[in-house]
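This document opens with one chain alone, in structure tokens, the form predicted alone.
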Amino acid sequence: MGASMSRKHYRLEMPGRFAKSLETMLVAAALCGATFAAAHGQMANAPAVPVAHEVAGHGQGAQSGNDPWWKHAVFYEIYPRSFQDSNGDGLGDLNGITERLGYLQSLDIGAIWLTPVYPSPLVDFGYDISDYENIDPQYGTLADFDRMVAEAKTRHIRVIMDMVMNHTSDQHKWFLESASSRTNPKRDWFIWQDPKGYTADGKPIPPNNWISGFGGSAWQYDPRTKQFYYHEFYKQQPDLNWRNPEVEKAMFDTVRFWLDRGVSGFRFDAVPSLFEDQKLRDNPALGGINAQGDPILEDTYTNNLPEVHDVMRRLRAMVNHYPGDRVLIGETYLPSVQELDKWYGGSKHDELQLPMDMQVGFTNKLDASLLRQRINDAETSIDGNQPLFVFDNHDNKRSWDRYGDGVHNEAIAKVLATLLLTSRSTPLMYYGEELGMSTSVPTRKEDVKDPIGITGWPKEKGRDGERTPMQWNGEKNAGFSTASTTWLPIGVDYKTVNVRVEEGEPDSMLNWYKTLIAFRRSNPALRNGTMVMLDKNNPSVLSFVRKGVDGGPSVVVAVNCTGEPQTVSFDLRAVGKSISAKTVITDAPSLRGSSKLKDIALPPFSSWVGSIQ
């Protein structure tokens, strides 16, 4: 949709890293012979046996030829608080992640992204950082972190940190100094402004109409110094003043601290929000009110200002001095693919390597035409840069629920997995996505932990539902913790939706993901082949070809996005002479022995991957 549309208008009117639908905003050959087929239960003509992931040690994170490792790696977001509790306190921790690295290796994960584990007052569960160069005691110590990184490395898994550069905690020493007086040397490290005026009864008026993503004015008055400070999010998260060169130097130093410690890159939180309009102009009103009762505004003067790209270029140049192809990922909720391209640096390729393409994964509609358009945009409109697709994260209801119809959720989830892992993109998964974990929305306000769910109840119920503990088995607390109570309740379906159960079920979501990831890693067309859309006017079936590399076979992919059977035929002259396509992966039993390219009967919400013969 139009570039002028405000972030605050989408999915519960939440900006930045917070959930947005973006609906209005915005899967060479089959591996040879019986060896691959016998190892993967979903493969055509294969016996229905559990996946035996014999290739796990090879590592998606391994570099291939001249390609950087991150082009082919499967990224996996971990919400540390919810992944594995190692000490029985009901909270996940770093040692818990270390304990579960073997599982991630079995999935062939190339890199894990950890949401913040820095010291924090936890107003926003770690996104309010009080010390950028340490580990919060609830998660462990720097020694625990170093051990986790070292153990991950032995399994060819890299570690990506979450870095919050837009704001700090109000308990960070920088802000404490800044707030101490108008003349403190760090006063200009944050955004302070005089009142616009005073009401008749003497109350100070905020400098403008800017609204916080968590409700109310984005300006907080400090009676001691008689000025307001700006906070795009909670009042306990004051925004840094990126127009001050000292702020940039200090933040770049924190990046160096972790790079020197061996991390392989960063995911930058809310990074389009670093700059605000110097003239403090009011954001235009869109009309209506959001879940917190505030006016819905465009974010013209508070988001995606051009100055941020200068910072990104300097950041990329600094990180490029480090060996090992360190990667920069952006949380980039943007209104168009044209804006997304800017975050790569366009044809210069000198900003982020992987800004997140939220326009594909958060359409929230299984619409073949819309998905075709968005995926094709990423293929053709970002100057040859590498797309990063994602369907799930810690700020949105799980895709199981956003896309599911309540009847065919598993088949629909397999469609999404097929698109994620066979398209020409770097895939980013979210813990539990591979199991089909669902959203556990609180039913009572008193059970809500996420502050935005408390302030916005009942219209906004917060993000607890997508952050529930990982479901490892059907035992106490799903194997997540030995505590009597976990920080969030375990999902009610944990007895059947868990790693242990699904590892033993050939047709499970987990084995579907393992099959796709293994094929992706091993197949040249899926690794490096270009992508050509097929049957472009079909409103029901999304299909494409990943062209063979160096004369090798191509791969054709088709997914039925409807609840009705669909019949498709493919003209593959665009990728050379072909008369058949051997089925490689499908969840449709009727297609497992198929080699047709014409009159392929796709059952409702089915997925089919074929190797062109």
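Residue positions are given as counts along the sequence shown, with the first one as 1. Since the structure is predicted, the reported quantities are computational estimates derived from the model, not experimental observations.
There is another form of the same protein, the form predicted in complex with ligand NOJ; it is not shown, and what comes next is about it.
Check your understanding: Can all three of F75, R424 and R527 be found with a heavy atom no more than 4.5 Å from ligand NOJ in the predicted complex?
Key -> Heavy-atom distance to ligand NOJ in the predicted complex: none of the three under 4.5 Å.
Review point. Of the residues Y431, Y301, Y127, F266, which one places a heavy atom within 4.5 Å of ligand NOJ in the predicted complex?
Key: Looking at the other structure, the residue within range turns out to be Y127.
Review point. Considering ligand NOJ in the predicted complex, which of R463, K514, R158, R81 comes within 4.5 Å of it through any heavy atom?
Key: Of the listed residues, the single hit is R463.
Practice item. State yes or no: in the predicted complex, is some non-hydrogen atom of E351 no more than 4.5 angstroms from a non-hydrogen atom of ligand NOJ? Key: E351: no, not in contact with ligand NOJ in the predicted complex.
**Study point:** Contact label in the predicted complex: W219 to ligand NOJ, heavy atom within 4.5 Å
**Key:** Taking the distances in the predicted complex, the answer for W219 is no, it never comes within 4.5 Å of ligand NOJ.
Exercise for review: Give a yes/no on whether E276 approaches ligand NOJ to within 4.5 Å in the predicted complex, heavy atoms considered.
Suggested key: No.
Exercise for review: Could you confirm whether Q237 comes within 4.5 Å of ligand NOJ in the predicted complex, counting heavy atoms only?
Suggested key: Yes, Q237 lies within 4.5 Å of ligand NOJ in the predicted complex.
Practice item. Report the stretch among 249 to 257, 468 to 476, 267 to 275, 83 to 91 that approaches ligand NOJ in the predicted complex to within 4.5 Å, counting heavy atoms only. Key: One stretch meets the cut-off, namely 267 to 275.
Check your understanding: Mind listing which residues of 390 to 410 have a heavy atom within 4.5 Å of ligand NOJ in the predicted complex?
Key -> Stretch hits, in order: H394, D395.
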